[in-house]
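Take a look at this single chain in structure tokens; it is the form predicted on its own.
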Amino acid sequence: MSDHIEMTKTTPKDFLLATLGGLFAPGLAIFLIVMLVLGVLASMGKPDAAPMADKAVRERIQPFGVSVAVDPNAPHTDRTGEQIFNDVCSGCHGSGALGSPKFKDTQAWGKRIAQGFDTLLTHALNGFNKMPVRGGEPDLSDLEVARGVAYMTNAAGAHFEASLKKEAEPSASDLARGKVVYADNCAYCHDTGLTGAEKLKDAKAWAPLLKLGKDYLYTAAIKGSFGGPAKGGNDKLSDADTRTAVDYMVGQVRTATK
């Protein structure tokens, strides 16, 4: 006795459903491709958002002190106090930004003027609270900073002269002692440039540091700064001996520039 298998008859409805099911996957792929192409076309001609966002952030965080130097090789001519104020100081002192005393505000300047010109000049040269070193313009000479300070304070009622305090010259014995201290504590880095230290007679590397003045360098050497350890890593070294080492190094640098 043989088995009899009866085939189910395909109706028009079944055929239509099968056809539509077979076309669904290719149709979906074509739809996605078309949408992708339309998206690309829509974005063409529009500026890239990433660079625009980056530019906005850079403009927002731009510092108040902006270098006005044009040619570092051009001969330097000291500007007047008014020019220094307009070019450098007015960015903060013109508006009172960062809590700075506004130009001609006698009340805001009163207590500061009472501290004396030397103190205000030291703050301007070395930076103080939120005020950056040299007003954020490292190319300013000491005399230009002094002129800027005198111009602003005199406009608020002071009677200062833009004079610079002359540094005391070390004696021959101080320099001799400084040479010994340098050899024992500083030469390891400053002779070789190790850890990024300025080489002893590298005038170019020392130029911005010399502008800060010896008082600043004394403090930096004693407390540690510029990436170097306090007192050259010798905590038993006295402050006086540390200063003699600074005197010796500054003298060597200045001799190399002559």
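This is a predicted model, so every value here is computed, not measured. The first residue of the sequence shown is number 1, and the count goes up from there.
The same protein also exists as the form predicted in complex with ligand HEC; that form is not shown, yet it is the one meant from here on.
Participant: Just one of A97, A168, A172, A114 has a heavy atom within 4.5 Å of ligand HEC in the predicted bound form. Which one?
Facilitator: Only one listed residue qualifies here, and that residue is A97.
Participant: Is P208 part of the interface with ligand HEC in the predicted bound form - any heavy atom within 4.5 Å?
Facilitator: Residue-level check for P208: no, no contact with ligand HEC.
Participant: For A220, is any heavy atom within 4.5 Å of ligand HEC in the predicted bound form, or not?
Facilitator: Output for A220 is yes: heavy atoms within 4.5 Å of ligand HEC.
Participant: Does ligand HEC come within 4.5 Å of any heavy atom of H93 in the predicted bound form?
Facilitator: Heavy-atom contact with ligand HEC at 4.5 Å: present for H93.
Participant: Taking heavy atoms and a 4.5 Å cut-off, does H159 contact ligand HEC in the predicted bound form?
Facilitator: Outside the cut-off, so no.
Participant: Which of the residues spanning 129-146 lie within 4.5 Å of ligand HEC in the predicted bound form, based on heavy atoms?
Facilitator: N129, K130, M131, P132, R134, G135, L140, V145, in sequence order.
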